[in-house]
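Take a look at this one chain, the form predicted alone, written out in structure tokens.
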């Protein structure tokens, strides 16, 4: 019989991790391989050791705390998340999944219940794109979608390549190939995360069972028009790069809103206007386009229509629009069997739940390439995340941990 998760322990872990922060008083900032992030790693290793877990790291910095099962020939069961943050973030995104995993393994170990498969808490390297501009570095490498050669070309704002940074920190390039996991290497993975939306908070429901994870297609867009004088150029003679960018943005919004897909979003989140002067018609705009969906076909339909509209805007406005693909990730449908186990455990524990789709993507998206994968969400107050206002009640994390612990234990005793 598993005991209930300890709220005090969960809170203490989260509050201590939050002290490793380069922007105290202005939210939480913990960027990959900075002194704050490295100190957080050291603390988590120390706490994993206290729990009696076997601690190791791989060649890209993914951190593992393993509780051994009785049969080492069986593939392990994973849980976990990330400890890095965006700038001026909150204290729960990613970290809730780490401490819930640690607490779940503590509960299982202290129960004395025998289980077959190894259980591991995994701290994935850099889920956020904050330093190197690419999300999920550790889990991408596990999925074989980030190679050692790729790390040479991925650079931070100071020009340091990921390859150079890994070497400076002592990670062994010769072991990089071992980061990749094949299907069958991991039996199953379950990630607890804060929702980062308001469905659970609005409905007063403590647990969300994730049916699928949306994946982004991201373009860097350059629009070239004609820079000229704001007063000297009549409205009919203009080739304004910014108004073209604005029209393309509104087209994207319309296509996403009108999509027949289950869950589709379109976002322009970054815009740089040149020369950015009050009396000059912009001649060049750089911007981003982020299209997400729970299925590939919905994304393709939006993209096909967007490219058609791009050509129309170019023709009507006399501009040139270049779309350079940054990444094109595949959505994940969560494993039905794990979903069933999660729901059964909620019902057995008397905890209400609802089905959800994850618009944000997580390391589980890439873990799902090689393992049966699912997620459970706990509420975000007012749906806020990636903000210093981010909040999730510790009691809700404890409830999620109870569901997680029972689910991990059940999976750890599966034969196939």
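Every value quoted in this text rests on a predicted model; they were computed, and no experiment measured them. Positions refer to the first chain, counted from 1.
From this point on, the text means the form predicted together with a further copy of the same chain, which you will not see here.
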*Any idea which of 183-191, 139-147, 239-247, 96-104 reaches within 4.5 Å of a further copy of the same chain in the predicted bound form, heavy atoms considered?*
239-247
_Just checking whether residue 167 would be counted as a contact of a further copy of the same chain in the predicted bound form - the rule being heavy atoms within 4.5 angstroms._
no
_is_contact(residue 111, a further copy of the same chain) in the predicted bound form, heavy atom dist at most 4.5 Å_ = no
*Look up in the predicted bound form whether residue 201 has a non-hydrogen atom within 4.5 angstroms of a further copy of the same chain, and give yes or no.*
no
*Looking in the predicted bound form, any heavy atom of residue 161 within 4.5 Å of a further copy of the same chain?*
no
*Which listed residue (320, 277, 325, 177) meets the criterion of a heavy atom within 4.5 Å of a further copy of the same chain in the predicted bound form?*
277
_One residue of 151, 345, 196, 298 in contact with a further copy of the same chain, assessed in the predicted bound form (non-hydrogen atom, 4.5 angstroms)_ = 196
*Can you tell me which residues in 197-236 come within 4.5 angstroms of a further copy of the same chain in the predicted bound form, by heavy atoms?*
197, 198, 199, 202, 218, 226, 227, 228, 229, 230, 231, 232, 233, 234, 235
